[in-house]
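The data below hold one chain only, encoded as structure tokens and taken in the form predicted alone.
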């Protein structure tokens, strides 16, 4: 097989045996499918004894095709502290951030790990993996029940208190797992929240760290914020001691060098040849700074927002005319729809009510209004939006529901997750979350912070209902094909 990259001074790196065999399995599968994509992606791995080496651009299969990661450190260093169990419960960063699952986790992968270990693998810990920290896990059946949300939606439980002097108070809770009732409410009570692990890749394009921005410190760099996150994840999720400065630095240097994207689609096929700019290598060269191409004006140049955020598949635009039934033409149409399909945006706290921009009741936008970072799709400014994902109307029976009361007005609001409000204490921030990076979507379903959208089609259906967009069947399919090619 043609090898399109050879990292300089590459070395084999020690890895524990369980992880060795997981990567061996993936590499074996990739070698079987690689002739289909040999000029664009490749699988590379040297396995000897207890060592595994995975080169840049090694492709991992997902439901839509293949994704790959490129590291600007010339290779993915599996000896980095990111892969080391630095806590007391056997977890490492890679427990919930797997390269073969878009540097996050998927229900399918979690279920395989449960079946292979009987629920004993490191991800299955009651401190945050179970629906309740009091869940019974003494039998296989009990563990399957205890970890049902992790198994079905790939979510981790977060415990966060209401801030002191918050503008609201928690007055009632409906918890299907008996973790808390209204009788348990007291100043030390922690909300039981369920959120997807964000991908530990493409971090260059972040304007805030974590769904609610709790690791973001005003005036500090993303690198600083990520060192906080690495340390808090170790002391919390891994139940360990604080990391040394060197350990934090090594983890962040590793993470910020990673770029992940889809490189092969089962229908459109190769995504990074003949002028097409998919894949992680081109992504690693994409420029970014906070506020770039923001809807309310570029944060550095002051230039107006350009809705043409994605240009990856411009080379296929001619196919929309010459071969409209070609899947590549559908991807190009999907890209065009993402950039230009009109969406009337109203009732979105964090956007329509932004006081610095005149409290715009109605914004005539597109998908790229919020996903405005060029060729990445994150929100380039540190802004948190409430599109209604955690509203009571979206609640499913497997999620807790919290009733909040505004201390000043007495207004009541029900939410499955108050989001940013648990960091700021502000009533207006209830339900607000950051806009995630879109690249590498196909590898890391389900979607939204709570995993409520099982597939990309469910994501589009939510937006279609929420903003009454009116996608027809072809538009819906074209957008799905484009999104899964990111």
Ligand code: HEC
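Numbering follows the first chain given and starts at 1. Nothing here was measured: the structure is a model prediction, and the numbers come from that model.
Heads up, the form predicted in complex with heme C (HEC) isn't pictured, but that's what we're talking about next.
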Which of these residues, 146, 263, 258, 387, gets a heavy atom within 4.5 Å of heme C (HEC) in the model of the complex? 387
Would you mind picking the one in 230, 98, 312, 130 that has a heavy atom within 4.5 Å of heme C (HEC) in the model of the complex? 230
In the model of the complex, does each residue in the set 151, 415 and 427 place a non-hydrogen atom within 4.5 angstroms of heme C (HEC)? no
Where does heme C (HEC) sit in the model of the complex: which of 201 to 209, 163 to 171, 68 to 76, 317 to 325, heavy atoms within 4.5 Å? 201 to 209
Please tell me whether any heavy atom belonging to residue 441 falls inside 4.5 Å of a heavy atom of heme C (HEC), as the geometry stands in the model of the complex. yes
Check residue 234 for me: does it contact heme C (HEC) in the model of the complex (non-hydrogen atoms, 4.5 angstroms)? yes
Is it the case that residue 477, even though its partner is missing from this view, gets within 4.5 Å of heme C (HEC) in the model of the complex, heavy atoms only? no
Residue-level contact is defined here as any heavy atom of the residue lying within 4.5 Å of heme C (HEC) in the model of the complex; does residue 483 satisfy this criterion? yes
Using a 4.5 Å cut-off on any heavy atom, which residues of 149 to 168 would contact heme C (HEC) in the model of the complex? 156, 158
